[in-house]
Every structure is written in C-alpha cells, then in structure tokens.
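To begin, one chain is listed below as structure tokens, in the form predicted alone.
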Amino acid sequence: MTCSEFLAQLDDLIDDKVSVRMRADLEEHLHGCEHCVITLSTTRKTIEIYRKHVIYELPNELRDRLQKAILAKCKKC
C-alpha cells in the first residue's frame, strides 16, 4: 500500500468503516510509514479538538468589525 492509498482510506479508517482486510492492510502500512502514523494521529487529534470546541456567539458589534476587516483585507489581495 502506498501513502496515497492510505490517505484515500483515512476517513473510513477513522470512522471505522473499513473491512477487516483493509484494516489489516492499513495497519501494515502504518508499521512502516512514520509519515502516515503522524497524519493519522494529527487528524484524530484535530477531530477530537474540534468536537470539544465550544462555539461562542460574538457580540454583533465585534462580529461586524471583524467581517469588515476581513473584507477589507480580501480586497487588497
């Protein structure tokens, strides 16, 4: 298995939607590829952080100022 093949299966691996055979192939690849181990670990951690993240409502005035600043920056590009 190549890294590209591993990455193509990453979502299904994380969601536990791969077959037993595919899981074995993916795990075998992980034993020899530090890059994909890091990619899997980082992706899982990112999902964990995102799921725990609390969304706070911004005050209207601050939201408007932020939006104007972003639009002004985008016009300069």
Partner chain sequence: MSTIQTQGTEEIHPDILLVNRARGGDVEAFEKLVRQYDRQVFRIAQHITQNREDAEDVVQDAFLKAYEKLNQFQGNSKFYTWLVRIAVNESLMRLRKRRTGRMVSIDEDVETEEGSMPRDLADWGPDPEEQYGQSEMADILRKTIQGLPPGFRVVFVLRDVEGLSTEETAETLGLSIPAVKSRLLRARLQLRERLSRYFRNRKKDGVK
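Please read these numbers as outputs of a predicted model, since none were measured by experiment. Heads up, when I say rigid core I mean the largest set of C-alphas that superpose within 1.5 Å between the two forms. Numbering follows the first chain given and starts at 1.
Just so it is clear, the following notes concern the form predicted together with the partner chain, a form of the same protein that is not shown.
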Touches the partner chain in the predicted complex: His31 (any heavy atom, 4.5 Å):
no
With heavy atoms only and a cut-off of 4.5 Å, decide whether Ala69 touches the partner chain in the predicted complex.
yes
Taking heavy atoms and a 4.5 Å cut-off, does Leu10 contact the partner chain in the predicted complex?
yes
Might Leu58 be said to contact the partner chain in the predicted complex, defining contact as any heavy atom within 4.5 Å?
yes
Within 4.5 Å of the partner chain in the predicted complex, counting any non-hydrogen atom, which residues from 37-54 show up?
Ile38, Thr39, Ser41, Thr42, Thr43, Lys45, Thr46, Ile47, Ile49, Tyr50, Arg51, Lys52, His53, Val54
Indicate whether Ala8 shows a C-alpha shift of 2 Å or more between this form and the one not shown, with the rigid core used for the fit.
no
So with the core overlaid, does the Cα of Met22 end up 2 Å or more away between this form and the one not shown?
no
Which is it in the predicted complex for the CA atoms of Ile70 and Ile47, closer or farther than here, knowing they shift by 3 Å or more?
farther
Explain in one word, closer or farther, how the Cα atoms of Leu66 and Ile49 are placed in the predicted complex relative to this form, where the distance changes by 3 Å or more.
farther
